[in-house]
Structures are given as C-alpha cells and as structure tokens.
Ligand code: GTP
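One chain comes next, on its own, written as structure tokens: the form predicted on its own.
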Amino acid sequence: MVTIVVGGQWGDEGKGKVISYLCMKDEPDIIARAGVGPNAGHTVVYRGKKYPLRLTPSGFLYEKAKLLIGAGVLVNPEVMLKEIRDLGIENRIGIDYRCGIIEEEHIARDKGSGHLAGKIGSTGTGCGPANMDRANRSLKLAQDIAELKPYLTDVPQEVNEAIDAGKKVLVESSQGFGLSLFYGTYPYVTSKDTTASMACVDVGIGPRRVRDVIVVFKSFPTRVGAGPFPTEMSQEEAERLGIVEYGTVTGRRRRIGRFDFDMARYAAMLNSASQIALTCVDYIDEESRGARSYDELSKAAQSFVEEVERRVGVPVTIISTGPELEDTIDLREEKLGI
C-alpha cells in the first residue's frame, strides 16, 4: 500500500508537518524520500522542538520506520551525514547507491555570477548544476563516496519487497507543483519535475502500486524567490493578516498570496490527487488556531475548506490548524472510510 504526498503550489505548503502527522498516525513500515535534493527544506515541530530537514524524510519521528532516499534525489554528503548524526538515525537510514552527489563545484556554479542565482532566485545548493552533470553522464554517485557506504542500499528493491509483503510505504516529495521543470512557471522552476509521477520514478515504483496521492495546499500560498504569482498580495497586507514567513533553506522572506483555485485544480489533475491536505487554516482567523475537530473550526474556516473541496473536486481529508503535529483535523475515516 503506497501513499504519495506532494506539494500543490510553490513548495513551503507544510508538507513536513502533514507527512510527520501521517507517519505518527498510520505507522508506515517505510518512508521514502523523493524530490530534488537539499534545496528543499521541511520543518517539523514536535513537542515544542523544531527540526529543520533538507534530506531526511520528514516522518523520521516515527522510530519504527525504515527511512530511504530514492535514486532520483541528489545528496550533499555533508548535509546528509550531519542530519544522520544529529537525528540519531544511523541504524534505519538507507541511501540508494545511484543517488547523484552534489560537490563543492556544483554549489560554486550555482552561486556563480550571472547564473540562475541572480536570474530566478536559485537556492544556491548546487542542485541545478548537479542535475546538468547527471544528464551529461559526468556526475559522481553515492556508491563513489566512502563515507556513505555504510548506508547504501537498493531502494526500489526494498520498497517493492515491502509492497509485496503488504506493508505500508509512504513516499514524500519535495518542492511543489508550481516549481516543476515541465509544468511549473518556467523558467522560475527547479531542475526536474515535482509531480507524483516523478516521485514514483525517484524511488523506483510503478504507477499501479500507488493507492493514494495526497496533494498539500496552503490556505495562503507562499513563494520564495522570483517568478509569477498571480494571487500575490503586498507585504503590508500580509503583515496586517499576521502572515510573515521565511524559507527553511534560504532564510529569504516568503511572498504571500490568496488561494489560487485554478492552480489547485490543475495541480490536482496532473498529480491524480485522491485527497487534499489543507494547511495553515488558522491563518483564516485566530479562532481556528489549534482546532482538532471540524466543529472547532470557525464558520469562515469551514466555508473555506468546503469551497476548496467543491471547486477543486477532491475531498479535503487533512486540515492543519497550527505548527504542532497534534494541531490536525483528520477526516479520512469520515470521508473515505480509511
């Protein structure tokens, strides 16, 4: 049984919190990381402690799960090894031996004068140049890095054997639909596709093995860096609403906008969404902050959730009302019987 979680906007949708909640609630046997690489930042808050992550699966808090990094994910060994040490996950992390490796020269090229860092607001983490080298067949792989050898594995083999054995597998992607190299706001995008289909490729599973695709939308979408943002509001308006955020990786202030229903419908279509997770619903009004049942939401928040469900055409099953994992409304049993 495979569930894929992807972002439906420009990243920063709150996937880390949603994934962590799902892992603690559903207790998957394997949590596999798909996506681009360390240019993604997921923040998990648990019992008052913040965990900013760049490569480790956000569901690491569920200690019985095996954590895997798919072959499609770029790995910066320094970042990966530090997270392994800091989180104490040495005995349950597996890195596919075919993962591409980001080296210092990739980071230098990414930050180079006149390159994408200035034009489109690249994160400067080396992912774009590394993916260029991979396409040119000149990139080092994880199997070439001595320090990573204790953690190397064949991720598709592990994942597919788990599926065959009837185990639960959760695949978490990074970035968001609007940053897809093919379907996003090109050229203001990341260096590969970011849809659920690509997540399957990243971890080595076929599309017929997927049961659910959960697309995560933020009530007030955000974007870091340059690029089209049709529903963007001014910083002053965002401040009046009390919405001031900064990117996990870059530290740059996020641009804030109103919910874009057209974009959400398109993202749901291309990702074949079976469920929607809606985050930051407490931004609608403070009355809904920390709500843990649908009845606790304000009328305004309930109306917004119902409008998203009606106009996007996919059931809203997970509603996040605050940063803590417990600040979550889970409607899956009520709406889907699961």
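Note that this is a predicted model, so its numbers are computed, not measured. Counting begins at 1, following the sequence as shown.
One more form of this protein, predicted in complex with this ligand, exists but is not displayed; see below.
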{"query": "Partner contact for T43 in the predicted bound form: this ligand, 4.5 angstroms, heavy atom", "finding": "yes"}
{"query": "4.5 angstroms heavy atom contact with this ligand in the predicted bound form for C280", "finding": "yes"}
{"query": "Any non-hydrogen atom of R109 within 4.5 angstroms of this ligand in the predicted bound form", "finding": "no"}
{"query": "Contact test in the predicted bound form: K168 vs this ligand, heavy atoms, 4.5 Å", "finding": "no"}
{"query": "Heavy atom of each of G11, K15 and G322 within 4.5 Å of this ligand in the predicted bound form", "finding": "yes"}
{"query": "Segment that reaches this ligand in the predicted bound form - one of 282-290, 61-69, 309-317, 295-303, heavy atoms within 4.5 Å", "finding": "282-290"}
{"query": "Stretch 153-186: residues contacting this ligand in the predicted bound form, 4.5 Å heavy atom cut-off", "finding": "S174, Q175"}
